[in-house]
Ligand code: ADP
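Only one chain is given next, in structure tokens, and it is the form predicted on its own.
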């Protein structure tokens, strides 16, 4: 069921190249391991599709088991999986050892020395390095914001990794905002709120990714404000990331917004051509051990850096597509091959449509205000346009399901899944409805189209 739904939601080429090669390799301790054929595939899926896979899995798995990505290790007799613990702790004899960093995946690959620095991110990189060395009283909390795929998570995890190397006894915790919410709610339900507060407020360094997830969650925001104040007063460092600046996050408590703006707010801007080119060169150097003699011609790298400008994450995803369609099939890497493999992506990148553009355009198309579209009202004349806007956000942007939900006033990713399924069904069943959605889509892409 998950595969069928995923096949409808992602690019068919991505489904054929990456998803069909996954295998379910373990089911133990409340976790299900998905095995990829190699580390290259695992990393690409983790960066580009894992959020969507997890969202669908949670929808269809009655036991709500956690997914983790693995690498299949082949020998002459059987296939075994090397399962990575979601906390980053080792398996086997050392499994009972406490993880170096609370929660999150392995942090080994997220370092400052492999973060490619340029004019668009150098301030955030420098301040992140400073935060890793110890509390920066004038810049606390450090708030890093920017669009998806620009390196915010890399920096936060690099801070955690470096902080533990620099001071092994330092109490460090990396959490997503969703982790924070879930842990807080679980503590309340189990009458353990005092223990939760004590544990979090005793940290030396707290890093929270995607803090915009707290939008609309009043009780959790209030708890976080108290936690933030307590940590700063005790001399601990707090580092946060979001896809927008504090002033742009709707439904944020005024006190929380004030505290966030009271530290240092750093923006990571989209990468320019030279930085994109450097990112590609850096990744190819990292792949040298995996692909013996890997050599990507300069014209191919120039083509990639020029045509895929949305984010470094998508740039590296495009590189992966080229490698999977050439050397992994025993074919040479040429400019003609790269242009053919990325033809769909290049066409798509000529049109730049954001979730905000879609919300504004959809509201105007149906004669609504943007406030109506994002509201909690459930009348049909508002619900259907809202679902269409979510559907188009999934079709026309690279935002993940949780990210789209957050941009619709903090809604859950399951609401987005339901909207996409509903609109797909209505398009199949009602030609007039399909024409209206297509008309809106064309109007959005025409309005925001860019000539090459």
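Numbering follows the first chain given and starts at 1. Not measured: the values here are computed from a predicted model.
Separately, the form predicted together with adenosine-5'-diphosphate exists; it is not shown, and the next lines address it.
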Please tell me whether the candidate spot formed by 121, 148 and 152 is one where all three residues come within 4.5 Å of adenosine-5'-diphosphate in the model of the complex (heavy atoms). yes
Among the candidate stretches 364 to 372, 135 to 143, 152 to 160, 221 to 229, which one is within 4.5 Å of adenosine-5'-diphosphate in the model of the complex when only heavy atoms are counted? 152 to 160
Should residue 244 be counted as a contact of adenosine-5'-diphosphate in the model of the complex, where contact means heavy atoms within 4.5 Å? no
Residue 114 within 4.5 Å of adenosine-5'-diphosphate in the model of the complex, heavy atoms: yes
Quick one: is residue 110 in contact with adenosine-5'-diphosphate in the model of the complex, heavy atoms, 4.5 Å cut-off? yes
Contact flag, residue 316 vs adenosine-5'-diphosphate in the model of the complex, heavy atom cut 4.5 Å: yes
Which residue among 360, 283, 197, 267 has a heavy atom within 4.5 angstroms of adenosine-5'-diphosphate in the model of the complex? 283
Of these, 260, 322, 206, 279, which has a heavy atom no more than 4.5 Å from adenosine-5'-diphosphate in the model of the complex? 279
